[in-house]
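Below sits a lone chain in structure tokens, taken as the form predicted on its own.
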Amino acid sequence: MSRNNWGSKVKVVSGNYALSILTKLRDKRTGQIEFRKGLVRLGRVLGLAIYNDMPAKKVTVETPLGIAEGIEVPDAENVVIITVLRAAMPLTEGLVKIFPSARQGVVSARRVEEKGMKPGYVFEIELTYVRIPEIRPEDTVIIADPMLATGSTIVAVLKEVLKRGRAKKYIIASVIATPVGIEKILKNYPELNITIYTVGIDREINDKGYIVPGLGDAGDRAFGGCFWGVGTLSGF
């Protein structure tokens, strides 16, 4: 599948606000606290983009002075957010601001980098902790992971998510994605209603599987070195 055939499967969230935050995140001079705050802000930006794309229905409400027309967004009340530990924790914090009633799950996923990247940009993924709620047919599942590089992590996480039931829609919320990662997800799960939301698309993946220019290791930059004793869990 080429980029020209992604169609509505990929939504690049642009605008000055989103791009200015992304620029700050890319800057190697940005410190840990500001980096983490930036991920939270982009979580809200992505959440708003997802919310605005959900179907709305017209309703009427009674104000203190009369009847007013408005809308409701029923799908917003049936959201499951899956956080890929650790890097996505701030991103999820922002998403929850938009979807406060979302049920949540977590997956601790580590690329086994010591075994190297296999042909086709494939990494073995080690899942050390999985806690996902039951997925219902009316649900929209949002998988949050700041860096969608090779796609190996998201493919593994989706495999676990599908064990909990089938949702009506699946969304990948990322800060930076690559064509390789996008195409791997869409090719591995052509039967699913998947949309990938991202703020930027970088074309290059180096021989270690890192996005270039990217923004570095999102987990390390947000939390500083190892976290919960599990090293680098997510991102690339």
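All of these numbers come straight from a predicted model, not from anything done at the bench. Residue indices: 1-based, along the sequence shown.
The same protein has a further form, the form predicted together with a small molecule, not shown here; the description that follows concerns it.
Of Ala88, Ile82, Ala149, Leu95, the one that lies within 4.5 Å of the small molecule in the predicted bound form (heavy atoms): Looking at Ala88, Ile82, Ala149, Leu95 one by one, just Ala149 meets the 4.5 Å heavy-atom criterion.
Contact assignment for the small molecule in the predicted bound form, among Ile50, Ile182, Ile211, Leu42, heavy atom within 4.5 Å: Of Ile50, Ile182, Ile211, Leu42, the residue with a heavy atom within 4.5 Å of the small molecule in the predicted bound form is Ile211.
The small molecule in the predicted bound form: contacting segment from 42-50, 202-210, 59-67, 166-174, heavy atom within 4.5 Å: Only one stretch qualifies here: 202-210.
Partner proximity in the predicted bound form: Arg111 to the small molecule, non-hydrogen atom cutoff 4.5 Å: Yes - in the predicted bound form, heavy atoms of Arg111 and the small molecule come within 4.5 Å of each other.
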